[in-house]
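Provided below as structure tokens are two forms of one protein chain, presented individually as structure 1 and structure 2.
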Structure 1
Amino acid sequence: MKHFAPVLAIALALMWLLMNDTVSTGQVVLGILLALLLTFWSAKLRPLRPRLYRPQLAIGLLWTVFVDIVRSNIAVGRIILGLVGERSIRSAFLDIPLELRDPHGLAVLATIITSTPGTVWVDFDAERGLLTLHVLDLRDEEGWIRTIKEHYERPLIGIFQP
């Protein structure tokens, strides 16, 4: 039981039920069995176990990510549809120094950034703690750095680092 990941098992079971579009008894039992088996079988692929210090921070982080994704979808849609007037669009790479070092926290940050339209995680220099980000419409470099550090990095440090 030392490799059991309950969050992964619950997520897999829920995905099974969503994919089958039913909550019949048979599908619930099958989903739970498959989730448990896959969780145990995949345990050897996960040598580092995440340690969550303040998981309650994830709720606020999820809301922030949701709001930012909606805003980014609107902004990118406006760019694609040419609704930015005469303003020029400046795509650029941006280096952001990070204090976050936990590999699970970094993986979540990469997922957040890449899931947000208009941004892509390009590189991370672990020795220097430097994230390279590509931004579709970079108008305010300091604003982007502040957003990444305050909206995402600070809660992730609280969740994954002591």
Structure 2
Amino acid sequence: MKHFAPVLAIALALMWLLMNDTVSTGQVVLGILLALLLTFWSAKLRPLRPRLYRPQLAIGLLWTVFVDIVRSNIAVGRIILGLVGERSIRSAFLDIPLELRDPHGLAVLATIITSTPGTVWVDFDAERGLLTLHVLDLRDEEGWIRTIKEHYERPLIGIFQP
């Protein structure tokens, strides 16, 4: 039972029920059975297990990410349509020192940063803890660093690190 990952099993069972769009008894039993089997089989593929210390922080993080995605969609849309006036757009790389070290937290951070329009995750140097981003409209470097550290990194450290 050491390898049992409850979150993965619940997520798989829910996914099965969503895919079949039903809550009939037969499908629920089949879904739970499949989720348990797949969880046991896949434990060998990925021995590294995440530990969630403060999962309740994820709700606030999700809301922040949603608001930021909407805001940066508007910002990128304005740039594409040429509504920013005559000033030129400077797209450039940006280095940010991180304190987050947990690989699962870094994976979530990469997904958040890349799915926000206007920023793409390029590289992470694990030895120096330096994250490289590509930003479409780099005007205020300090502001970007502060946003990423306060909006995303702090809750992720809270969730994945003790």
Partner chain sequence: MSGVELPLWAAVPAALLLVASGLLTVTGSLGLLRLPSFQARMHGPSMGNTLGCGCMLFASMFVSSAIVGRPVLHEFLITVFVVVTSPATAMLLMRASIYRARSKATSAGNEVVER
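Take the two forms, find the largest set of C-alpha atoms that superpose within 1.5 Å, and that set is the rigid core. All residue numbers here refer to structure 1's sequence, counted from 1. Keep in mind the model is a prediction, meaning the values are calculated, not measured.
As summarised for this chain, the first structure is the form predicted on its own, and the second is not. The Cα position of residue 16 differs by 2 Å or more between structure 1 and structure 2 after fitting on the rigid core. Shown in the overlay between structure 1 and structure 2, fitted on the rigid core, is a CA shift at residue 94 smaller than 2 Å.
Remark: with the core as the superposition reference, the CA shift of residue 38 between structure 1 and structure 2 reaches 2 Å or more.
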